[in-house]
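One chain is shown next in structure tokens, namely the form predicted on its own.
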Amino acid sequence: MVSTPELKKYMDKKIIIQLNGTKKIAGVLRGYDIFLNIVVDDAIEIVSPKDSIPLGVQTVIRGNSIRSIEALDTVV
């Protein structure tokens, strides 16, 4: 049986997602499923500390490409 990831406390919070390779995406977590596919609002790709690329209003990131998720907002 597959269990749902415990990401409820990260909903509507700003997060950084590290993907396979060197890509980093930042945005607001809006949704997820049992496969860790996530929906991020106002996503940007962080190219360097001073440079970023906007990705769109809503971005879907496939779960098997996610290496880690870090909250930038306070999580209770």
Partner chain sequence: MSIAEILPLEVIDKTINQKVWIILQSNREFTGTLVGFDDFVNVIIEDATEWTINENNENELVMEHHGRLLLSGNNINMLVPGGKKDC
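In this text, all values refer to a predicted model and were calculated from it rather than measured experimentally. Numbering follows the first chain given and starts at 1.
Beyond the structure shown, there is the form predicted together with its partner chain, which is absent from this document and is the topic of what follows.
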With the partner left out here, check for me: in the predicted complex, does some heavy atom of Ile16 sit within 4.5 Å of its partner chain? no
Heavy atoms within 4.5 Å of its partner chain in the predicted complex: does Asn20 have any? yes
Whether Asn64 contacts its partner chain in the predicted complex should be assessed with a 4.5 Å heavy atom distance threshold; does it? yes
Please state whether all three residues Met11, Val47 and Asp51 have a non-hydrogen atom within 4.5 angstroms of its partner chain in the predicted complex. yes
Contacts with its partner chain in the predicted complex - residues in 27 to 48 whose heavy atoms fall within 4.5 Å: Arg30, Gly31, Tyr32, Asp33, Asn37, Ile38, Val39, Val47
